[in-house]
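As a starting point, one isolated chain is supplied in structure tokens, in the form predicted alone.
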Amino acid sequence: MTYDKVTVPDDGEPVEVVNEEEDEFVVPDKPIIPILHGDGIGTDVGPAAQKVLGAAAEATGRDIAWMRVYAGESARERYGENLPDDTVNAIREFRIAIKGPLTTPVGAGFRSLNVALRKKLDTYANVRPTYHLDGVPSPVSNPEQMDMVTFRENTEDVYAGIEWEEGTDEVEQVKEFVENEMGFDSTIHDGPVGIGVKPITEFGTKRLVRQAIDYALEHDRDSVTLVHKGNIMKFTEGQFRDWGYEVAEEEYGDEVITEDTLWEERDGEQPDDAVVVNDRIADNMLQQILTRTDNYDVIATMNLNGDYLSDACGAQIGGLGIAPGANFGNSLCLAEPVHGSAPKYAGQDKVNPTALILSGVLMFEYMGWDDAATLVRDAVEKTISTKQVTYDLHRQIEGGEKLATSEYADAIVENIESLA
């Protein structure tokens, strides 16, 4: 593939896809990895993460051929548009990439650049691991109990973006259809109204749940919990639950057991080598991630549920500034932090790059570079536990050493070298 304004590194190799549908691929020792630093604080955290991840690759006998790509402000400067084909094509071709936060400008033609990129790439699983690092201040007493991974569907539910604005001819047409043709004539209040549609499909549900179960099996997790509001929305969220159970019961054999079967046939005794699939109502689950934190491992849910649940999980381990994430498709990974672009701090070399660095950990795990992933996580934890932190954590830690973004990255690299 040819590119207009980006350069493909000469000294790297692309990921080789063996079977896209089965998510089978081979990663060379020096893969070409597109990196998008992002907007706002992306100009600070992007280079910091690149430095740390490169050091971990080198420490484990590998290397990375970074390929700079652009979106948002940096793309407007080079291409005159927010999301150029170069960027989408590069990530699609090289399969594994990492990005910083993006800001969607007013009148950009996109509701969200982040969402647009996910949709163009069909990275349908937004994956957010949440775990506590020693030394990070937390609002809860036992943050170490939090160790969950949320699989949030990326293409349906509210992210489908199907809605109509109040006062338009379109919303009146939809209202008339709902009331007169579908029989809900006394449901919508009189006066201005906005209407949205919430699609949940069998296809979208089952491929997400497969990702969640596969992850649980590969990472020795005990359970996958389907989170839904199916007691009220029976034909959307309730159907998500039912389709999720179908995947578990019909496709995984003895590797997976449902919670009902666990209690009916085994008196609650879980087999050592099986993942238990259960389900919880969304509002109750929001409570249980606080009151029964260590009961849950992997969560599979729809878009909106996954958004607030993963943010609530992140609050327990110190906030979104250290919360990593990634978007998975078929043999495709786009890692990204959960936080936004915080433009008022751009270029000040002060913000915390941990979330983007730990997103790289998730990317390494996806690549099969578990040793490099562990090395980065351990080095980050060692840096924070010795109270070498950026300003956001420094103001909460007595006797800490306040570091700039770049200095913090250097400290992590030093710990990578000492731990390797």
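Quick caveat, the model's predicted, so the values are computed rather than measured. The first residue of the sequence shown is number 1, and the count goes up from there.
Only in words, not in the display: the form predicted in complex with a small molecule, which the text now covers.
Proximity of Thr60, Asn330 and Phe364 to the small molecule in the predicted bound form is absent: no residue of the three has a non-hydrogen atom within 4.5 angstroms. By the criterion of a heavy atom within 4.5 Å, Tyr391 is counted among the residues contacting the small molecule in the predicted bound form. Looking at Pro84, you'd find every heavy atom of it more than 4.5 angstroms from the small molecule in the predicted bound form. Of the heavy atoms in Lys344, some are within 4.5 Å of the small molecule in the predicted bound form. Using a 4.5 Å cutoff between non-hydrogen atoms, Val351 counts as a contact of the small molecule in the predicted bound form. Only one of Asn114, Thr150, Thr225, Thr205 comes within 4.5 Å of the small molecule in the predicted bound form through a heavy atom, and that residue is Asn114. This chain is displayed alone, yet in the predicted bound form one of Arg68, Lys51, Arg395, Lys30 has a heavy atom within 4.5 Å of the small molecule; that residue is Arg395.
Listed stretches are 335-343, 279-287, 244-252, 196-204; the contact stretch with the small molecule in the predicted bound form is 335-343, by a heavy atom cutoff of 4.5 Å.
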